[in-house]
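Just one chain is shown here, as structure tokens, and it is the form predicted alone.
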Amino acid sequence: MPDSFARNLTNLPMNAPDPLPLEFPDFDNSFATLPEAFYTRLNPQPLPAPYPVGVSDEVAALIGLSPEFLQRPEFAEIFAGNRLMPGAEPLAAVYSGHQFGVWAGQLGDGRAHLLGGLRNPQGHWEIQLKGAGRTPYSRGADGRAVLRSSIREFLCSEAMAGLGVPTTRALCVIGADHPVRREEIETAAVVTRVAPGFVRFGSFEHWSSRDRPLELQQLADYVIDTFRPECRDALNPYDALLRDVSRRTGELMAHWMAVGFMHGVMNTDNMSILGLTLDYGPFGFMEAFDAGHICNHSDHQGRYTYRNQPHVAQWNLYCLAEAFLPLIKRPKQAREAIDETYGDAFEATFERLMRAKLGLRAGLDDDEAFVGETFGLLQQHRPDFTLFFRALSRLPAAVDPQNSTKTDAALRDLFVDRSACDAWLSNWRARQAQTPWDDAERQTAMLASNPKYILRNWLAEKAIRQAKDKDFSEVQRLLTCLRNPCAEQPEFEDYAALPPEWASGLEVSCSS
């Protein structure tokens, strides 16, 4: 614990540690069994008069909370950090990392408190409050989160789960009228994150950078024994773990690219050792296609553009491989663990996902070239990424040339140069003819692979603006829609529209 924080720790307002006498799943605080060098034990700081802003009943069921419990007045108190659940052992974890490609040294949970973990038939789950006050790792900040960023993380966590992308989940957002200073005075909020675990690439970098091989091995053993026991049977369990992380990261990047998701701040401390999407800050979903789009306006050099994400993930994995050297011993072997797994996992998963998006029944050798041609079309003509694939899903594999203008209208209308769309569609139909597939069956499969609804920035902003006026209905309405992004849901048709003109000025940054 930093000395300056230790001197002031007694001055921080802390909640009473008395747990509420409520029925709650038994905690299994596996991370807290690691030596205390890995974290600092401390309670969240209370928020006055908290209230629910948004709640995911799906995540509540995942961790064994009943619908009745979600309606109890104690619910907001617990997930604002004001009261403890039975068995909770709050702590903030330490880690380090590279930020924007530069070594940043020690970081850690600067505004997050891990309450504990539990096991149930659905798996191992850890519960973390984000925005619940200062920790030893806050680096002078207040440890709070604001309403807008908490709503964005809550909605996007659940939207990504709906899209089938590996991700942390979000149980709820709890708001309060407590003022927080950012660019302007805002109100505080706490988002409750749920995931199998929150260990990061930077968790390993921390001990490697300090030449602490014992702690490094303890962390690796914890991850293997808790999450990846199959690695224990390998000749070198740590090499097997590194390969597992590399493979899962490759698969994750393919999912991001296929749905048009941009993380915005892919620092090594924001990369999950379990291959999950972690830490939703300045994220974005692709609208008018631009492979060079920067969704984070704090990213002045464009490091984390859409097109760069697979390369940055590999760079981050090389940083992790370097941190694993004391465990694997041989530098060449550590690098090979990445080189022999990441690229293949990314390419195989991306090819599978793109074939599904394009409605290709079986793979052919030249599909990679056709996928490249498709992205070339998108880059040159900038149609909306999501609407392009959704409209394509409804088109027939063969068309009477005399009726093609009408038949293909929904897709052609996304292009200024409709002749370019026509030329590409001709190639797409020629490719369809090579592996014929009943139209109705193919269209059903494509519609299940191409979402109609994504969390566009303007949708999140609309919900945030209403929430600032204490109207939380839009948060819950969006959540309901985004759980089933590929279903038609005509009651949410307004969410499938192109962004309105006022949305063109929206920006998100690291403060978001």
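Quantities reported herein were computed from a predicted structural model and do not represent experimental measurements. Numbering starts at 1 and runs along the sequence shown.
What follows is about the form predicted together with a small molecule, which we do not show.
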| query | finding |
| --- | --- |
| Contact segment among 223-231, 363-371, 76-84, 267-275, judged by heavy atoms lying within 4.5 Å of the small molecule in the model of the complex | 267-275 |
| Contacting member of R330, R182, H297, R119, with respect to the small molecule in the model of the complex [4.5 Å, heavy atom] | R182 |
| Residue (of E158, D244, D279, E251) lying close to the small molecule in the model of the complex, criterion heavy atoms within 4.5 Å | D279 |
| 4.5 Å heavy atom contact, E126 and the small molecule in the model of the complex | no |
| G110, heavy atom within 4.5 angstroms of the small molecule in the model of the complex | yes |
| Exercise: R144 in contact with the small molecule in the model of the complex, heavy atom 4.5 Å | yes |
| Touches the small molecule in the model of the complex: F385 (any heavy atom, 4.5 Å) | no |
